[in-house]
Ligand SMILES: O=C(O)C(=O)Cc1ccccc1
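A single chain, nothing else alongside it, follows as structure tokens in the form predicted alone.
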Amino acid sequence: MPKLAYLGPEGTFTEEALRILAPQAERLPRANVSAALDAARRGEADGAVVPLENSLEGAITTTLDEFAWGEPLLITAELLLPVEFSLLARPGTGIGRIKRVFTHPAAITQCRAFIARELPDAVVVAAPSTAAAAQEVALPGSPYDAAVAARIAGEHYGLVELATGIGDRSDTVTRFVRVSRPGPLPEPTGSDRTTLVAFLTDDHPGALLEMLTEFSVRGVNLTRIESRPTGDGIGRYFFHFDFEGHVADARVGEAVSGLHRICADVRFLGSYPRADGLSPQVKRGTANGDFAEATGWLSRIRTGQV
């Protein structure tokens, strides 16, 4: 039974994602994303589950930076988890008695309309996580009357749901990834995603276009690109890429090799099955067989077989 670290405490959306990705795993809650990933790096856990991006809030920058600068880890699986917030309180608390609400800043943003409509006089205080908020509200003598958190947090800490589905958007999704120490990659499935980080050799006109061209000319479709500061001064960035396909695919392998040739550094973060099951549209001339045929043709003409 594997041990997997995750962004805790108990009752976070990350725990819910872990239960789906690895229902039989022993769960090891950690205080933050960095601590969860470090548990995997040090061998305290066999891997970790962390959030990578949210459809409303965007990328989880702590996760991006950990992947770029920390000891290497590989993404082996992903999950798209619908995010549904609930208003949780101690048993016997009516919604009219709620004067102080505790929750994570992201939940405040995503539940703004409900809070303004149903709790117009309540003071909302930021918490380290939605689960930590629920944990605090459950304590006897807590200064907070309610928490906005996942339903699973209420189950953990003995709170009751006063309202559910209180997010402003019903289609909000968070993407979680399972990571492990470097090792064999998942086999290609035909519906895969590859993730990497690329560092510019130098800042010059067209530098980003040069990187994008490595994907475009090989028919590799990008699904996400994020820029993050290197810390070396204003205007200096590195880039996170998600794109369709597996590094075992010829077009993807050549694109990754092309980036390696023109970048100061490329950190490969994994090729793994896509959670949405979508398969890429392979452009004419970019299938594995097309690359194999072209390689064979080049070998022949190099030996004068014209």
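Computed from a prediction, not measured in an experiment: that's the story for all the values here. A residue's number is simply how far along the shown sequence it sits, counting from 1. For the two forms, the rigid core is made up of the largest set of C-alpha atoms that agree within 1.5 Å on superposition.
Here the subject shifts to the form predicted together with this ligand, a form of this protein not shown in this document.
- Although the partner is absent from the chain shown here, T12, F85 and F176 each have a heavy atom within 4.5 Å of this ligand in the predicted complex.
- From the list 180-188, 88-96, 102-110, 163-171, the contact stretch for this ligand in the predicted complex under a 4.5 Å heavy atom rule is 102-110.
- With a 4.5 Å cutoff on heavy atoms, T76 does not count as touching this ligand in the predicted complex; it lies far away.
- When this ligand is considered in the predicted complex, T194 lies well away from it, no heavy atom lying within 4.5 Å.
- Taking the partner from elsewhere, G270 is found to have every heavy atom lying beyond 4.5 Å of this ligand in the predicted complex.
- Within 4.5 Å of some heavy atom of this ligand in the predicted complex lies at least one heavy atom of P51.
- Once the rigid core is overlaid between this form and the one not shown, V83 does not reach a Cα shift of 2 Å, moving by less than that.
- Taking 2 Å as the criterion, V220 does not count as shifted between this form and the one not shown: its C-alpha moves by less than this amount when the rigid core is aligned.
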